[in-house]
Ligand SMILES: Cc1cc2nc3c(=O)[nH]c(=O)nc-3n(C[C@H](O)[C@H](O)[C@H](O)COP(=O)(O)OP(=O)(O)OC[C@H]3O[C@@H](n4cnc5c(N)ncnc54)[C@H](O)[C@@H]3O)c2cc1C
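Form predicted on its own, single chain, as structure tokens, below.
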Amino acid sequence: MTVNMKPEVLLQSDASLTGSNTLGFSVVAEHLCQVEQLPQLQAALALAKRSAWPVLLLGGGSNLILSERLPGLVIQLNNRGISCLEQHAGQVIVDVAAGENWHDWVAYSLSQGWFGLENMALIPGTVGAAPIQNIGAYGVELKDCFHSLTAWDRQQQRQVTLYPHECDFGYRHSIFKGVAAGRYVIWTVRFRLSTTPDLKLNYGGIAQYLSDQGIDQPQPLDLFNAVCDIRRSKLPDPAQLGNVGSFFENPRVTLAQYEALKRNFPTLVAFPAGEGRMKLAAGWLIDQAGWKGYCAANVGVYEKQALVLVNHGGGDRRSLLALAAEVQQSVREKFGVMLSIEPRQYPAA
């Protein structure tokens, strides 16, 4: 059933979101509306407040573990638009709507000669979701090219602009996951990009991949293509096999913990994480614990990358989280390290 909240907003009841979450879980929203303009968002939030409905802001559904039925209102952001606001001194400031597809935006930036996002190619999801998670890949994080964002402040009932120091960016973290969770609806994200290439190649085998391809003087497009090829070789296409990409965060440990583990496991994979800490490769830990390729009925661990949990069809949140708990316990017993789940669970456990 569908009803008009206002002429510009269509409210749907008992709406299927099976095609709107990359795990491919069978999910139904009690109420759903899709918004393209800020007044539509304001109207949807006002209705939810009057009705005492919980609200889920949905982008590409690529970092969510959803239950079979979602209470309240799901708002899907479909706003679009890319605008270059400033260009000087070798830099550009570009404003991108939250509803834009992330990978398409990365490809577009490259086509315009705006550099800095190449390492984050092929990350699923929307632009608006990127600051929430402070997404990152192959040695680059969103915060490295973030200028500011505009958002609707649900607490103050006004549009605001937030700058890096106000976002509390950390490893797969921001204020939007922490103390301000649920307060802001990100509407556009502004990026500070360079018109001069500065390639980041020393992570995740990128340099070796380029060398193997006979590319000794790589350009930004070479880096972009390399990242896409490497990701495709390791990560399943959600359209073919349900997943949310990396399921666990790479745990950070002290140097003393790292050195102790290295003595016991000489092939341990880790990277400097700053502040006297090391970041362990969660995929390596899970693989060494014997989980790669594991299948339990409808869910499993991806055969090419142990960091990815998958839905083989018919899986649900309960079965996936049960598997995740087994993986966490196994890794903790073997390495003394606790893995944290990266995607958000909704409703909260």
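Start at 1 with the first residue shown and count on from there. Since the model is a prediction, treat every value here as computed from it, not as a measurement.
One more form of this protein should be noted, the form predicted in complex with the ligand, which is absent from this view; the next part is about it.
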Counting only heavy atoms and a 4.5 Å cutoff, which of 228 to 236, 162 to 170, 192 to 200, 266 to 274 contacts the ligand in the model of the complex? 228 to 236
Position in contact with the ligand when the complex is considered in the model of the complex, options Val92, Met278, Leu223, Ala129, heavy atoms within 4.5 Å: Ala129
One residue of Gly116, Pro218, Gly245, Pro251 in contact with the ligand, assessed in the model of the complex (non-hydrogen atom, 4.5 angstroms): Gly245
Would Gly136 show up as a contact with the ligand in the model of the complex if we use heavy atoms at 4.5 Å? yes
Can any non-hydrogen atom of Tyr184 be found within 4.5 angstroms of the ligand in the model of the complex? yes
Is the gap between Asn63 and the ligand in the model of the complex 4.5 Å or less for some heavy atom pair? yes
Since only the chain is shown here, I'm wondering whether Leu110 would be in contact with the ligand in the model of the complex (any heavy atom pair within 4.5 Å). no
What are the residues of 18 to 36, in order along the chain, with a heavy atom within 4.5 Å of the ligand in the model of the complex? Thr22
